[in-house]
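Coming up is one lone chain in structure tokens, specifically the form predicted alone.
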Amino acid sequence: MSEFSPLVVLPLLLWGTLVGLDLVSVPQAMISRPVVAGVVAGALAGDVEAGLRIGVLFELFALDVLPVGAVRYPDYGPATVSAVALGAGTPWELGLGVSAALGLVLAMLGGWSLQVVRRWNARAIQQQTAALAAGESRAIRWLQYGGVLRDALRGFTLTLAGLVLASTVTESVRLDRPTAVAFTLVAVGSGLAAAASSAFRGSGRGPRLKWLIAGLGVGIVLAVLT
């Protein structure tokens, strides 16, 4: 992004916080999906096309993520917002790879932060064991509100850290064109490989695998013809 002004950063920070909340807390309206988070972040940053490209790329990485139970997984929502902030206003072949690198690091940090919040929530529940055993509704409400607040703080902190890193990279990192294009090629290839691995692993060895192969064939033919 060419300029990290408060009029752009503050809406992105708010959007990243909401996206972080959506993953497991509220409202679970799928705004945490990278393609949604990316498009809205792109609109806020003044470059919807960059938001769409980066969102689709991270969607490829996120296809294998199933946010249930105590499963460990990266958090691609706030990471996508920060990646879009970095890539907005830059030619896509030069900015996509660097933005993806930043976003992948943030996604891993986001996964770690989810574990931290879970431990905080577990400690809060332990402290309210007696009240919960007694069926006190106030204790249940405060646990719910506290969990949402902790998750909101997690999303806010993750997005803020990502925007600070994006601003630092914009000001201090200067890649020549061949290197930037190489980063982009690696990012796109990695995303496609991750999506293909997820698709083949999920399809198993039965009829679904045959339909997957047929769909890939039709998609390749259509891509070539168009």
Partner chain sequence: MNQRVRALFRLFAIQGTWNYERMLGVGMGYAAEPLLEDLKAVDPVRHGEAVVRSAEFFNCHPNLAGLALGATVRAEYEGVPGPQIVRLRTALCSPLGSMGDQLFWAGLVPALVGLTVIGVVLGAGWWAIAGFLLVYNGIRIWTGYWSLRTGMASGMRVGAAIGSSWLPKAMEWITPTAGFVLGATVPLVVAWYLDGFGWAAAVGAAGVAVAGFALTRWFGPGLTSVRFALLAMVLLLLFRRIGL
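The shown structure was predicted, so the numbers you read here are calculated from the model rather than taken from an experiment. Residue numbers count along the first chain shown, from 1.
Below, we refer to the form predicted together with its partner chain, which is not included among the displayed structures.
- Annotated contacts: 17, 160 and 164 are all free of its partner chain in the predicted complex [non-hydrogen atom within 4.5 angstroms].
- The closest heavy atom approach of residue 184 to its partner chain in the predicted complex falls within 4.5 Å.
- Among residues of the shown chain, residue 153 is not one whose heavy atoms approach its partner chain to within 4.5 Å in the predicted complex.
- In the predicted complex, none of the heavy atoms of residue 168 sits within 4.5 Å of a heavy atom of its partner chain.
- Heavy atoms of residue 97 reach within 4.5 Å of its partner chain in the predicted complex, making it an interface residue.
- Shown here without its partner chain, the chain has 108, 115, 118, 121 in 106 to 121 lying with a heavy atom within 4.5 Å of that partner in the predicted complex.
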